[in-house]
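This document opens with one chain alone, in C-alpha cells, the form predicted on its own.
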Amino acid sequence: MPFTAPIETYSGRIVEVKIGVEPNVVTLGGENTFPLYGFEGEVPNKPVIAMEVYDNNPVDWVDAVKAPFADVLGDPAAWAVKCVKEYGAEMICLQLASTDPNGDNKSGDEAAATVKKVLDAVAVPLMVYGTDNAEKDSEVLPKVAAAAEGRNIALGPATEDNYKTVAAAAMGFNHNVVALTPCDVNLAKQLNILLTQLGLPHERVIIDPSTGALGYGLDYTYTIIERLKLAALQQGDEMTKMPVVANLGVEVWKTKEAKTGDTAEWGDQVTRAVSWEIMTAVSLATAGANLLIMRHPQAVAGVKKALGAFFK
C-alpha cells in the first residue's frame, strides 16, 4: 500500500510587512505554514538578511569581524555602501550605538543626520535601531523618523516603556515599528496589543522577541518564535501574526566561541566564529524568523546559500 504523507493546513496567515520604497522593497511574512513546509501551504517570501552598520567605530569588536570593514569603520554611509555593493546586503540595519547615554551620548539631531547620510548613500531598505534605553530612544527615534520621511524604514526598538513615543513617530511619518520584548510570548502579545490600540496597523509591526546565539539561549529564542507562529497559524491569534526579526549578529559575536582567537583546540577563529553565526541564523530561519540581522560577510554568504536551498 503506498504511503501518503499527512497534510495539515492552517486557517491563520502571517501578515506582510513592507520596508523600503519602490523599486527597493523587501517584504516580510505572508506565509500560512511553517518554514520548510511549503508543501502544506504558501511561503511567498523567504527570510531577508540585513547587514549591521554602526554609527560609530565599534572598538570592542574582535579583529576577525572588523577586518572585512577595516576601511569604513566610523563612516556609516561608506560602511552601508560596502555592505550593499561588495557583500550583497538586501537591507541595512543601522545601530545607533553612539547615542548610548553610557557611551558617546550623541543627540537625536546627530543621529538623524547620520540616518540621512545612510539613506542618501544606499537605496536598499533601512532598519534603524536605538540603544534600548527607553528614555534616550524616545528622544532620538522621533527625530530619526522625521529625517527618514518618505523612505518607509523600520524603527525600533519600541518597548513597554516607550512604545507610545515610537509608535507616534512611526505613524506620523509612515514607518514600521520593531516591537522588542524579553523572550516571552505573552509579553510580545501584550506589546502588540498596546501598539495596535494606538492605531498602528498590524502590517506596520515587526516582532523582536529577543535573540540568543547558538549555545547561549538559542533554544529559548527558537521556542518563542515557534510558539508565536503556532498561535498565529493554528489559533488565528491576531496579536502574533506579525513577522519576526532575529537580531543575531550582536549576540553571536559576544560569545567566547566567536571572540577567542586561534587555538590548538578550537582551531581558526574566523572559521569558528563564522560557523557560529551561520548556525544561529539558519536555526532561527527554520524556526520562523522573517528577518535576520547579521554581521560577518562570510556568514551572510553562507546563510544566503542555505536559504536559497531551503526556500524555493
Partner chain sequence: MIIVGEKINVISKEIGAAMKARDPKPIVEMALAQADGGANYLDINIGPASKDGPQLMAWLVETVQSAVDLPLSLDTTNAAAMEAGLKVHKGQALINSASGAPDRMHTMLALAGKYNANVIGLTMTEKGIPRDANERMVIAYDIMMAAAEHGVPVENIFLDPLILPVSVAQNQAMEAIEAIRMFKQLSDPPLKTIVGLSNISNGTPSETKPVLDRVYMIMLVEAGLDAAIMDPLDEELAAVARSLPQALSDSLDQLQSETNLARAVKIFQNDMLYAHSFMD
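The structure presented is a predicted model; accordingly, all values stated were derived computationally and were not measured. Positions refer to the first chain, counted from 1.
What follows is about the form predicted together with the partner chain, which we do not show.
Contact with the partner chain in the predicted complex holds for none of Asn152, Asn174 and Val178, as no heavy atom of theirs lies within 4.5 Å. Although the partner is absent here, Ile193 sits close enough that one of its heavy atoms falls within 4.5 Å of the partner chain in the predicted complex. When contacts are judged by a 4.5 Å heavy atom cut-off, Val185 counts as touching the partner chain in the predicted complex. The partner chain in the predicted complex is approached by Asp237, whose closest heavy atom lies within 4.5 angstroms of it. Looking at Val81, you'd find every heavy atom of it more than 4.5 angstroms from the partner chain in the predicted complex. The stretch among 127 to 135, 226 to 234, 208 to 216, 93 to 101 whose residues place heavy atoms within 4.5 Å of the partner chain in the predicted complex is 226 to 234. This chain lacks the partner; the member of His202, Lys189, Lys116, Lys143 within 4.5 angstroms of the partner chain in the predicted complex by a non-hydrogen atom is Lys189.
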